[in-house]
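Here we start with a single chain on its own, the form predicted alone, put down as structure tokens.
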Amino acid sequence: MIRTRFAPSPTGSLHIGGARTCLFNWLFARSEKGKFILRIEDTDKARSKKEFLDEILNSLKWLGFDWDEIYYQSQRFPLCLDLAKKLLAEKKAYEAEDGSGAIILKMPRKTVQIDDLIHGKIQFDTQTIKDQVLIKSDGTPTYNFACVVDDADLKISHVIRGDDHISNTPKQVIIYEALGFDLPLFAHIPMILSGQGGRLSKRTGATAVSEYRNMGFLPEATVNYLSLLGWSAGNNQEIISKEEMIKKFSIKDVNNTAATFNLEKFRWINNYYLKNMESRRFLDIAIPLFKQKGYIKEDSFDRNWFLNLIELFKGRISTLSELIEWSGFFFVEEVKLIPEAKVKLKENNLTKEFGILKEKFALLKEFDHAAVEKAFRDTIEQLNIKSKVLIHPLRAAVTGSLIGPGIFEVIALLGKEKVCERLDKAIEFIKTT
């Protein structure tokens, strides 16, 4: 049976590279009707922290990467020690000469070859590799030894990991052979580069998955984007569900060259999912962000009003955090004018025009999109001016900006009282600055 594993270390957050490795392991297992194993490599007692473990597990659940079995490497040390003693007895390993208790594997001199599922044949000369410590002086196993023991004991059939582990592979192959264990198949995924061509850094996208979640990226968009970092479903398909991925995924189709992280592409994919999301689900996801910002102060809020707000913005935003940022003018007492909006308000001294428009708005019995637009059209006809003379300053007055959703829908949702107050303040601004 196909058995893959993802083996995060709880010494830090789950970042994009690790999430991509996890996805490919999960997809391969699911596509082959196999098992996906989660193994927590908590061997570094000093640096392993519960908050990192919780964040990793929560991020994997958020992404939808369900696992069939979970193990903690620190609970498996006795098996490692037993096997190291077996190698000692077989004279394949020796105790450190300094009397520290460390157990060290003798490195045979030979050529090691693996048939990597992504890179093809890779050869290593063990002449360049020194004898390998298996058990450290504190009684704990080294990474390479624990990794081999666990992968063999858990019957991992395919080791799919980043190609930064290629240098570990010959050492691990020698350990497999010394123990008499069957080798798994190896697949080393090329790294993800920044847009500038270097390694990913925090500045260029190596951000924790939980931070992208907080920024307002959706799990389905995140998984979709991760799948494009080194794999393709074919036919230039860029939007793909997890169900489709499972049907189409093959580890042999993973690129053997590095992928490039492109935040704008990630945002574009997230925009697609936001735009096509049912508004009620959209609101349920956005509610915690509105609450965090203080825009929703209790559970008894007007859901229909917020649904209308979402309809205004959801085709325009790339992340949920943009919704919170761009809709802020709906929730403040006094709108903050950007510099360009101030210039636009002062441009044609529209105090008279704003006054007439305000009077027409104030007289409306129904303050909906159609009525607001008719009042605006009546005003420009009465004043014998072009629409653009008034519409951009009007947006500046009521939103503080010069761009955004349809202004008549915005005005209708803001409500008559708030719009009239803002027109009064705009008139005052024009007169006094």
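Here the structure is a predicted model, which is why all the values come from computation and not from measurement. Each residue number is its position in the shown sequence, starting from 1.
Just so you know, the form predicted together with a small molecule exists too; it's not on screen, but the next bit is about it.
Residues of just one listed stretch (348-356, 239-247, 160-168, 270-278) have heavy atoms within 4.5 Å of the small molecule in the predicted bound form: 160-168. The closest non-hydrogen atom of residue 147 lies within 4.5 Å of the small molecule in the predicted bound form. Heavy atoms of residue 55 never reach within 4.5 Å of the small molecule in the predicted bound form, leaving it off the interface. Among heavy atoms of residue 373, none comes within 4.5 Å of the small molecule in the predicted bound form.
Among heavy atoms of residue 426, none comes within 4.5 Å of the small molecule in the predicted bound form. Comment: the small molecule is not present in this chain, but in the predicted bound form one of 361, 326, 143, 290 has a heavy atom within 4.5 Å of it, namely 143.
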